[in-house]
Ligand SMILES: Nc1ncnc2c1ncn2[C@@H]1O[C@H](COP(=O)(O)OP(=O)(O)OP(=O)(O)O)[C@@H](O)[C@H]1O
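Have a look below at one chain only, the form predicted alone, in structure tokens format.
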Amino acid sequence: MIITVTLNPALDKTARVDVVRANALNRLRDVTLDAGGKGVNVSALIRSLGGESIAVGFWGGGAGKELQSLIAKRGLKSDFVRIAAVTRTNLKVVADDGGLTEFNEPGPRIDPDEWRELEEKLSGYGIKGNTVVLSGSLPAGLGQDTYKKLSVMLRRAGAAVFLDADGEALRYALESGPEGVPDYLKPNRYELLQYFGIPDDEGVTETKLADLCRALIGKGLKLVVLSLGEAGAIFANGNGIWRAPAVPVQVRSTVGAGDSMIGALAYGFEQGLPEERCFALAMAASAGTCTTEGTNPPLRALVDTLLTQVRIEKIAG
């Protein structure tokens, strides 16, 4: 079973404008409201591919109740903890040229009793054969070592851990030693370079990025997936390094594209697909998500069509 964890979920309001104008009136159109949060997006993609998962997280207040309702309407299984504070609402504005501007609220504060309840739930899911996806920002009240603690607990119990985090939360998790380092990691270019303390400029080549991914594998990870936006992605594991150009599509919104990549990989691993097939599925699902409005995942039929256009090339053994 795949368990997705969203510690700071949100109601995602997505709207379109001709052009985003600073210090001026922007009239929104095509406004949609979705259940948001990286783990929720991962669960939605898994269901779209025909798989199952359980979404775990926190909800509170009227916004949280709406979040729960939207999750149920998507047909997703969930096991959330109710909190006293109110779930956040985020605004994502997409310009007609595909540019994305996001306004994200910080989220509620989680008190110790609420955290213990969620930790207990996850302890029950931390069994051999399960994959737990930890992704997204941390709400107030939780330390930057939260993902590290969860990874150690889950891996000790036998579960596999897929992490998508940045900054100090990522650093703590990667420095947790052999028993705590996640199995799978999906940074983007900025997050990878930030971790290694390297300025993000044009002097950073694909070869350098691949070497950094290989360095992470040396820490004990089974797979590093480096998402590069329009430049595609790099996949690195103990068997080698692959690159995959982005699949050309008409982009409507890039919201959730990275989450779909994770969802496709988790689904592929659970189905026992060959590694390169899993990589290709991730690229197709990510591209398909870019063609949808809001945070909606692509239909399986579209993903299968895009799969025929994916190119995966092994660049190192």
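What you see is a predicted model, and the numbers here were worked out from it, not measured in a lab. Numbers follow the displayed sequence, beginning with 1.
Although not depicted, the form predicted in complex with this ligand is the subject of the following passage.
Peer 1: Let me know the one among A63, L49, C290, I54 whose heavy atoms come within 4.5 Å of this ligand in the predicted bound form, would you?
Peer 2: Checking each option against this ligand in the predicted bound form, the one that comes within 4.5 Å is C290.
Peer 1: Can you work out which of L216, V152, L209, A246 has a heavy atom no more than 4.5 Å from this ligand in the predicted bound form?
Peer 2: None of the other options qualify; the answer is A246.
Peer 1: Can you work out whether V181 and this ligand are in contact in the predicted bound form, taking contact to mean some heavy atom pair no more than 4.5 Å apart?
Peer 2: No.
Peer 1: Answer yes if any heavy atom of M261 is within 4.5 Å of a heavy atom of this ligand in the predicted bound form; otherwise answer no.
Peer 2: It does: once this ligand is placed as it appears in the predicted bound form, M261 has a heavy atom within 4.5 Å of it.
Peer 1: With the partner left out here, check for me: in the predicted bound form, does some heavy atom of K148 sit within 4.5 Å of this ligand?
Peer 2: No, K148 is distant from the partner.
Peer 1: Hey, in the predicted bound form, does R88 get a heavy atom within 4.5 angstroms of this ligand?
Peer 2: No, R88 sits far enough from this ligand in the predicted bound form that none of its heavy atoms falls within 4.5 Å.
Peer 1: At 4.5 angstroms, heavy atoms only, are Q144, G167 and L174 all close to this ligand in the predicted bound form?
Peer 2: Contact check failed for every one of Q144, G167 and L174.
Peer 1: In terms of non-hydrogen atoms within 4.5 angstroms, which of the given stretches 97-105, 131-139, 230-238, 110-118 touches this ligand in the predicted bound form?
Peer 2: That would be 230-238.
Peer 1: Give, in sequence order, every residue of 253-267 that has a heavy atom within 4.5 Å of this ligand in the predicted bound form, or say none if there are no such residues.
Peer 2: Contacting residues: T254, V255, G256, A257, G258, D259, M261.
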